[in-house]
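A single chain, nothing else alongside it, follows as C-alpha cells in the form predicted alone.
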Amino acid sequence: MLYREAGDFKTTYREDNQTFPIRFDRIAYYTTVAAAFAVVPFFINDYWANAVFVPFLIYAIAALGLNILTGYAGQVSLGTGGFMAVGAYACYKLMTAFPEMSMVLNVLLAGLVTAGVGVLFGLPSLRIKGFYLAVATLAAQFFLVWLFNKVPWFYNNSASGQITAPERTFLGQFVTGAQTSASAKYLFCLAFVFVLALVARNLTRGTTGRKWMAIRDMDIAAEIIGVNPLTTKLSAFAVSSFYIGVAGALFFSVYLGAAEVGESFGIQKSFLILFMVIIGGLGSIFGSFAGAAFLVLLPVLLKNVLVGTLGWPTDLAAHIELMIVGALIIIFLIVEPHGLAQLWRLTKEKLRLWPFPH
C-alpha cells in the first residue's frame, strides 16, 4: 500500500510538527490545491459554480468560524445566521459608500465589523455557558435580523427592503453583478478559503488554540494554570465572527447578488451551519470542509435523482429531501458523534496498518 510511514524520516522538529507529516498526505494535499486553482476554473460552468462550488466554499468558511468557537473553544452559538447578516450588510454599506474600494478590502472590513459585533455579544460567555449561552446567542440572532429589518439606513432606504450588490471587479474580472463569470466567482471565493483555512490551522495548533481547548475542556483548571478566560473567550468570539462575517459578505455579494435578511440569514441558516459542524466533526478543520460538502452536495444529488431521474414533483422531492437530511443527521449523532472527521481518521489508521488487524 502507498499509505505508509515506513521510510518517511524526519530530521528536524519543523518536519515532525508539520500539518501533514506523512508524504502521501502532503502529495494529496498539494495535488488537490493545484487542481482547485489550476484545473477546475477551466471546466467550471454556471450550474456547477452556483449549485455546488461557490456555496460549498462559502459555507466552509462559515463552518470554520463556528468550529473555532464551538469545537475548539467550547462556546455554543446559535447566532451564526445573524453574524452572517452583519457581514453582508457591512459589505453592502462599504460597497455603496466607497465605490472605489477594492472588493477584497470590502470583504475583510466586513469581517472586522462582524468581529466587533461578535465580541459584544460574546460578553455574556464570561458569566454563562452551555444551554444559557446558546439561548443568549439565539437572542442575538433574532435581534440582528430585527435590526436589519427595522432600520432603513442599513438597506439605504430601499422600498423593497432588499440589498443589491453593485458590480465590482478584481484583477480586471467582475466578481459581483450580472457580468460575473463562473470561474471568477469560484476563484475569488477559493482564494479566501485557502488563506483563512491556513490561518485557522495555524491558530488552532498554536498558543491561542491551546488556550481555547483548555477553556473548552475545563475552564476552572485552565484559569488556575494561567489562561485568562476573558481574553481567551473573547478572542474566540472575535476570530469566529470574523470568519462568519467574511462568509456572509461573500454569500451576499458574490453568490446571491441580492438579499433580504429574513429569507437569506434567518434562524435556518444558523442551524444549517451548526449541522455542518456536527456532521463534519467538532474541533476539526477537515471536519468543517467535510460537513459543508456533505450538506451542499447531498441536496443537489437528491434533487437530481428524485426530480431529474425519477420524475417526482418538485414540492414532494423537497419534503423528502428534508426528511432524508434530518434522518442522516440523527444517524450521525448516534453512530459517530465525532463526525466525518473521525471516520476519516479511523480509515487512515486502518490503511496505515493494513493488512494487519487493528
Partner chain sequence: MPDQLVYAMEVTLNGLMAGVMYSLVALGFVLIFKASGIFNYAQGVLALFAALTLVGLQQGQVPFAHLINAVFGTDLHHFGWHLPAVVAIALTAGVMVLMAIAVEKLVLKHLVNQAPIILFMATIGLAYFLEGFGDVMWGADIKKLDVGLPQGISETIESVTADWFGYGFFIDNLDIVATVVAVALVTALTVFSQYSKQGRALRAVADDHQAALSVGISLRFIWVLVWSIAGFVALVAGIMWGTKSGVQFSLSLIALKALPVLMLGGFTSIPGAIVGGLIIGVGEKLFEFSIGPMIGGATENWFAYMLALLFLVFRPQGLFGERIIERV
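Numbering follows the first chain given and starts at 1. It should be emphasised that the depicted structure is a prediction, and the values quoted were computed from it without experimental measurement.
Just so it is clear, the following notes concern the form predicted in complex with the partner chain, a form of the same protein that is not shown.
- In the predicted bound form, L105 stays away from the partner chain, with no heavy atom inside 4.5 Å.
- At the 4.5 Å threshold, heavy atoms of L310 stay clear of the partner chain in the predicted bound form, well away from it.
- Among heavy atoms of F275, some come within 4.5 Å of the partner chain in the predicted bound form.
- Taking the partner from the other structure, the partner chain in the predicted bound form has no heavy atom within 4.5 Å of any heavy atom of K93.
- The candidate spot formed by A34, I61 and C189 is out of contact with the partner chain in the predicted bound form: none of the three has a heavy atom within 4.5 Å.
- Exactly one of the stretches 285 to 293, 35 to 43, 327 to 335, 22 to 30 approaches the partner chain in the predicted bound form with heavy atoms within 4.5 Å, and it is 327 to 335.
- A single residue from the set A184, V113, L138, V193 has any heavy atom within 4.5 angstroms of the partner chain in the predicted bound form; that residue is L138.
- Looking at 315 to 331, the residues that come within 4.5 Å of the partner chain in the predicted bound form, counting any heavy atom, are D315, L316, H319, I320, L322, M323, V325, G326, A327, I329, I330.
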